[in-house]
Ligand code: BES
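So this first bit is one chain, no partners, the form predicted alone, shown in structure tokens.
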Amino acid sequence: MRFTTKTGKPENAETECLVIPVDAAKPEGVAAALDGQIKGQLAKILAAGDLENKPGKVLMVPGLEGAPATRALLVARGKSKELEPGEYGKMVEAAATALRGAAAADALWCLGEVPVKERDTYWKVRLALHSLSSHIYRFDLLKSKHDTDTPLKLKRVSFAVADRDERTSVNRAIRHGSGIDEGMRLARDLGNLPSNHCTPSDLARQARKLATQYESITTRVIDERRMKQLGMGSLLSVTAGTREPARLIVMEYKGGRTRQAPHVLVGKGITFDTGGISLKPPAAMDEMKFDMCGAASVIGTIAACAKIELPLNIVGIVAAAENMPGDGATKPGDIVTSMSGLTIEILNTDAEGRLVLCDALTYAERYKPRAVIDVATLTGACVVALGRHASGIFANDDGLARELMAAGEFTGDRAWQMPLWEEYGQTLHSNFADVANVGGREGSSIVAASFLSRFARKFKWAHLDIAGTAWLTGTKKGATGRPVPLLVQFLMNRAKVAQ
């Protein structure tokens, strides 16, 4: 889909769909101007009561006699003069949904005229672009016939702008939003691929493909032989039961100064998780193809940053492996030595994500990073704690955590900081090794983060547990592309990019 800007009076524009905000009590702004053209038809429609005056309610009106527009999508804004961001979000979501099923090939978007508390035009366009892009996303790469039941007719959305300054802001929002959308689409595609089409080697190929698309990206892939030389006994313990070789994928995006310390993103890339010898129950095990969504979001974020040409240096490290039962598989009670030198007693082979991440975190030390953020579908306990609305943040630096939460609040890709107190880590005591890989059930998402924190003491670090936000279940099953928007916004903020 193309996104453009359009100046001039919206009511005079030739478009197949004019998307306008309305107050059911009285047409104002673009709605009032349109109503003047069509001799009060709009006021009569609103007076009839067919559109409830609440944000999120819409009404499609065809056949606008006297206006250049073929049809108008009326989007209720409610009675408030200035909306809360969440109320405006309902308007945007409802409009995007309606356009997805409409017969219009192009639309002129005028919802930007609605005032939103503490939000500007740039934010409103970013939100609209994200919602529209999400609604047109389809994953049908592996279907013999593409989805033709509801073909998408919408090809272009133009944002109405009042003047040159607003056009500059809107164009900036389109460029940034389109870059983030590209990263999200990539993350969703990778997450939705089944494990027989998305192995550790496939992830490595995708990372190499990015390096051919963007001169700013270089990719190196570390194989199991080299991992063994590096002492990555923890990561290798996870892949011991499968024929698919593990891969440590290192992507370097160089958009900043040569000597600028990089930000490092570390992604959990378990392309399928059976639980290993600690086998998972069969119900919904197919969803364990999504256990590499942390890796997918890191790859997607790197792609988005390259598209936007972010002036930062960023390193993406993906620890990719399968976790399978087999005659060589790691057994509960086995003890392995991590790259850091710490020995780990593996009491549960289904707590494998932390085992691949800890070696990747140690590997990140060599970059002397400004900050390290690991991203992982790590614990079901985080889903219990926060549901599917927010990702969990655990950090050894509160300032870093606050920056991540602010980025999530701005983009709607929200996250919430959880405690990381010493008491939780005490449950990881082992009689036979330096640390166990699991503790008790209580507070287990915090215990998992406490385990990782032992390998992140040499830099500012945050852990994002995205087990509840990386994919949806049920009839809407599929990867969400989160937390690509949060991560890119955080990096944009760090780079002080004009917004």
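The first residue of the shown sequence is 1; numbering continues from there. Computed from a predicted model, the values in this text were never measured in an experiment.
The form predicted in complex with this ligand is left out here; the points below concern that form.
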Hey, in the model of the complex, is Asp374 touching this ligand, heavy atoms inside 4.5 Å?
-> no
Would Asp202 sit within 4.5 Å of this ligand in the model of the complex, counting heavy atoms only?
-> no
Can you check whether Arg77 is within 4.5 Å of this ligand in the model of the complex, heavy atom basis?
-> no
Using the partner position in the model of the complex, report whether Met324 sits within 4.5 Å of this ligand, counting heavy atoms only.
-> no
Hey, of 116 to 124, 166 to 174, 287 to 295, 331 to 339, which bit sits against this ligand in the model of the complex at 4.5 Å between non-hydrogen atoms?
-> 287 to 295
If you check Ala187, Leu378, Cys358, Val266 against this ligand in the model of the complex, which one has a heavy atom within 4.5 Å?
-> Leu378
Note: exactly one of Arg138, Lys280, Arg226, His197 sits with a heavy atom within 4.5 Å of this ligand in the model of the complex, namely Lys280
Can you work out whether this ligand is within 4.5 angstroms of a heavy atom in all three of Ala415, Phe451 and Arg482 in the model of the complex?
-> no
Does any residue in 435 to 464 get within 4.5 Å of this ligand in the model of the complex, counting heavy atoms only, and if so which ones?
-> Val438
